[in-house]
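The chain below stands alone and is given in C-alpha cells; this is the form predicted alone.
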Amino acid sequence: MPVLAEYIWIDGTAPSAALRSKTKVLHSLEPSLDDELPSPSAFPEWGADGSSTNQAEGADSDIGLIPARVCRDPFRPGNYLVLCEVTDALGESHPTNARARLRKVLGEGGAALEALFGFEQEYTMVRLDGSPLGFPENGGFPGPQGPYYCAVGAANITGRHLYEEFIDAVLDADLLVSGFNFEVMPGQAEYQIGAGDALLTSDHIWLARWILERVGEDYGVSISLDAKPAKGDWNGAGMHANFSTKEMREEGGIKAIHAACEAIGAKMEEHLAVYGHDYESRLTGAHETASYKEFTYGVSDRTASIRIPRQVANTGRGYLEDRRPNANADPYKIAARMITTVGGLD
C-alpha cells in the first residue's frame, strides 16, 4: 500500500502568510506506525502553481516544494505531513521562504548561540462570518473578559470539542507541545510549543497551525490569528516568544539576559517589523503588554515588552519572554531577528 504524504507550504499572502497543502502518493514508501520517521530526503521534491498562492505570475508560475520537516499525519494513521520550503522557477529560495533566511542566519554565526525557543500561540475560533465562538450570533458582545481564562463550564467555554480534538491530533503527530489553555476572550485558546532549536520549534508552530485549521474544518469553524479578532476591551491574540542562549542558561546567565533585553530594546523597530501585522491594535499599553511606542522589561512584569520570569530572577539564569509578537507573526522571522540582535550579527 502506498504512502500518502501531505505536502504543506507557506504561501505569499500579505500581510500575513497562509498555509497551503496537497497530497502526494508515494509508492516508494510504505505506511508505518513505527516511532522512527523517514528523513525529509526520502520524500521527492514537488511543485505547485505559484500564481494561485501569491508566489508567481501566471506566465511563469512554477514554484518548487522542497521537503524540510516530517511528522506523522494524525488524520491518516501510518502516513505523513511534510513541511516544505518554497523555491522559485530557478530553484533558488523564494522571497517568501523565511525558513531559508533563518537557516542562513544560523549558518552565518547564529548557531553558536545555541539558542532555544518556545512560542505561546494564541488563536481564536470563529464562525464562517468571522464572529468569535461565544459571541452572540446576532451581534453584540458577551460579558467582559475575566471569567473565561483557564475556565470550565458552559457559561465560560465554547469550542471545547475542537480544542480537545486538536490536542489529540498534535500529540498523535508527536509535535513538541508543552501545554494548552483557554484564554481571556470567549472562543480563544492557546498552545505552547518548545523549547527546541530555532528551526524545530518554528516548524512545529507551522505544522500545528495546519493541524488546527484541519480540525476546524470538521466543525465548520475557522481559525483566526488576527491580532485583534474582536474590537473593544479584549487583550487581542499574541504569540509570546520565549528565548534563551547557552550563556543565559548557565550559572550567572541573568547578566546575559539583561544584556539581551538592552540589545533588543535598541532594535525596537526592527523587531516590531517582524512581529506580525496590526501589532498597533494589540500593543496599546492597555492590555497586559506595553505600548508598541515604548520598550520596557522587568521581572514578573506582564505589562512590559519583555518579561523576565520570577523563577529566572531567583535562580539567576534561564530565559526571557518577549510578549510583543502577534498571533499572526512568522516564527522563522522572529527567531532570525532574535538571534541576529542578541548575537550582534547585523
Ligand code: ADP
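Numbering starts at 1 and runs along the sequence shown. What you are looking at is a predicted structure, and each value in this text was computed from that prediction instead of being measured.
As for the form predicted together with adenosine-5'-diphosphate, it is not shown, yet the points below apply to it.
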Pick the stretch from 83 to 91, 216 to 224, 130 to 138, 111 to 119 whose residues have a heavy atom within 4.5 Å of adenosine-5'-diphosphate in the predicted complex.
111 to 119
Wondering, does residue 279 line up within 4.5 Å of adenosine-5'-diphosphate in the predicted complex on heavy atoms?
no
Answer yes if any heavy atom of residue 194 is within 4.5 Å of a heavy atom of adenosine-5'-diphosphate in the predicted complex; otherwise answer no.
yes
Should residue 244 be classed as touching adenosine-5'-diphosphate in the predicted complex when contacts are defined as heavy atoms within 4.5 Å?
yes
Using the partner position in the predicted complex, report whether residue 249 sits within 4.5 Å of adenosine-5'-diphosphate, counting heavy atoms only.
yes
Which residues within 265 to 304 place at least one heavy atom within 4.5 Å of adenosine-5'-diphosphate in the predicted complex?
302
